[in-house]
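Before any questions on how it binds or moves, here is one chain, the form predicted on its own, in structure tokens.
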Amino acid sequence: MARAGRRPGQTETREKILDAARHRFAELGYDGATVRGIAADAGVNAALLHHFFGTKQELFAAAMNLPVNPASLVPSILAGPRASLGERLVRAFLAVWAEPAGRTPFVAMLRAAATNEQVALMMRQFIERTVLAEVARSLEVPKIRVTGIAAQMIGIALLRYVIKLPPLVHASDDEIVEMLAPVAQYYLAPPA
């Protein structure tokens, strides 16, 4: 039976959408979860979902409680001289992981992806579709090269923030940039 009286407020509606999104993304992965399906589960019109969150990417970032949508960083990383692309990429990556409150959702997702295939599928599809494919297309480099530097950077994050390997934990961001930027540059802007 439908509830009589006032419609749920914005906060309640937003939370219903986020709950539905978390469930759909977990069950079906990033690709399988549709905006219409999420909206239907939340009992709202898809237009309302777009009103609150914009795109499916932004909804995913909000549902996973990410401090930043990784796809939103791509334009600023790609802007500027190609010769400093590796450094911009590494600095942007480190900035996302810099604050404990900001890195917590990423650490949780890394840990969960290591033991839960549904979480791994969801992350894989999201990262591949919204970040890796866009960077590869924009730079006109094969996806394997973009995936290669992503693996390097996730490895640094895993060892620095999850395993907490002392040399990486104690290294400054500048030391990490000095070490990793040339590798990123090689992958993303290989010499002709």
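From 1 onward, residues are counted along the sequence shown. The structure presented is a predicted model; accordingly, all values stated were derived computationally and were not measured.
This protein has a second form, the form predicted together with a further copy of the same chain, left out of what is shown; the following refers to that one.
When contacts are defined as a non-hydrogen atom within 4.5 Å, all of Gly148, Val162 and Leu165 contact a further copy of the same chain in the model of the complex. At a distance threshold of 4.5 angstroms between non-hydrogen atoms, Arg82 is out of contact with a further copy of the same chain in the model of the complex.
When contacts are judged by a 4.5 Å heavy atom cut-off, Glu178 counts as touching a further copy of the same chain in the model of the complex. a further copy of the same chain is not drawn, but in the model of the complex it has no heavy atom within 4.5 Å of Ala95.
In the model of the complex, a further copy of the same chain sits within 4.5 Å of a heavy atom of Gly155. Comment: a further copy of the same chain is not present in this chain, but in the model of the complex one of Val68, Ile127, Ala46, Leu139 has a heavy atom within 4.5 Å of it, namely Ile127. Residues of 108 to 145 that come within 4.5 Å of a further copy of the same chain in the model of the complex, judged by any heavy atom, are Leu110, Arg111, Ala113, Ala114, Thr115, Glu117, Ala120, Met123, Arg124, Ile127, Glu128, Leu132, Lys143, Ile144, Arg145 in sequence order.
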